[in-house]
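Heads up, the chain below is alone and in the form predicted on its own; it's given as structure tokens.
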Amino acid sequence: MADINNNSRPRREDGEVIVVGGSAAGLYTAAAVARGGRRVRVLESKPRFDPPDRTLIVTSHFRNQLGAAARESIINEIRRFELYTDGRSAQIALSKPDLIIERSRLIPALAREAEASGANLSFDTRFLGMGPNSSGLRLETETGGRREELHAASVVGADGATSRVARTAGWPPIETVPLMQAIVRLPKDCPADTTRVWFVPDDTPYFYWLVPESSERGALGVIGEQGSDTKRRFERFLERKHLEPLEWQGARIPVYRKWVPVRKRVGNGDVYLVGDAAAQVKVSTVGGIVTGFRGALGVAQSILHRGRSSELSALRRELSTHWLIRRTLHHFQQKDYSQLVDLLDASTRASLGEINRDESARLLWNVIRRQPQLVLLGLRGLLMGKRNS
């Protein structure tokens, strides 16, 4: 796991930190804060960590963030992307492979790392509400049907895009979009190390993807805007590709539109948000594992050292760059995607392969430097978005 720079030595008597939600970002936060010397408790509403299957793709940066235990969630490596739109295609070879991970393996592994770091896990415990008290924060919880009152110096909301912690502390609701995936048999012409992406703006302002889990199976997915519409169009796309769903996966994914402040002072205590609860998601691709871990590390730094976090400042810049990219692409029409693929010459594809999606500013600068015509295409996308807003 990533280290926290220690400018001062936290003390155990500084008060307990309670993390609400056994999400990936929540467990990562708990481990980091516990390693820093604070007492940490994670409240998980379910009786055990048994998350549903969900296939995710992350950049190679994931390896640097995690300890050995969580790396068992990696089930495949991707070395090439194929982009398709309107009969056109482009291939991008990755200098460092993307990683396919299984969320149902990741969460239990992160829980073991949190416990090994000194965090306590409380299962079957629901967060009901929160308020100030003389020494910090008072939490109302329910464990096994019995109400309890807990006390903490700090509370971390890691309970997803519809976070009860966020609502209780006064943060506004976060917009979400539907993500749908079908596990399918991998087509014979699709290598197990290749992800396919289709831009079909008549169906979705985002994209379809096919991510191989192995040489036999893959996850075909889409991000939409309206659930019922997205499902209908997704089923049509499956039919066009002659693919039969073996099982279904889905989630509501937060949409990043502007930076969500991650800390609020409530009485004498602090409330923080991490991961989906703070919309720490790359809105260009709606991926949130790596950015959620960065948000978790930043919050841990803030808790341990009572100050600003350089990690949070860097994350804010990263998420804002992805928001600029999404604003540019969101109103693209078919002809714009066709032009985009046509502009991906060898030099531009090399940049896309050398620099991963979690270094968006560097990636964007290098792509534009190598293919200046993309600036005009991007400006047109931004203007189209303003006209339709």
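Please read all numbers here as calculations on a predicted model, not as lab measurements. A residue's number is simply how far along the shown sequence it sits, counting from 1.
This protein has a second form, the form predicted in complex with a small molecule, left out of what is shown; the following refers to that one.
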item	value
Proximity of Ala31 to the small molecule in the predicted bound form, heavy atoms at 4.5 Å	no
The small molecule contact at Tyr208 in the predicted bound form, heavy atom, 4.5 Å	no
In the predicted bound form, Ser45 touching the small molecule (heavy atom, 4.5 Å)	yes
Gln181: touches the small molecule in the predicted bound form, heavy atom cutoff 4.5 angstroms	yes
In the predicted bound form, the one of Thr348, Thr55, Thr328, Thr321 near the small molecule [non-hydrogen atom within 4.5 angstroms]	Thr55
The single option of Ile253, Leu186, Leu297, Leu137 touching the small molecule in the predicted bound form, heavy atom within 4.5 Å	Ile253
Partner-facing stretch of 83-91, 303-311, 112-120, 280-288, counted where any non-hydrogen atom is within 4.5 angstroms of the small molecule in the predicted bound form	280-288
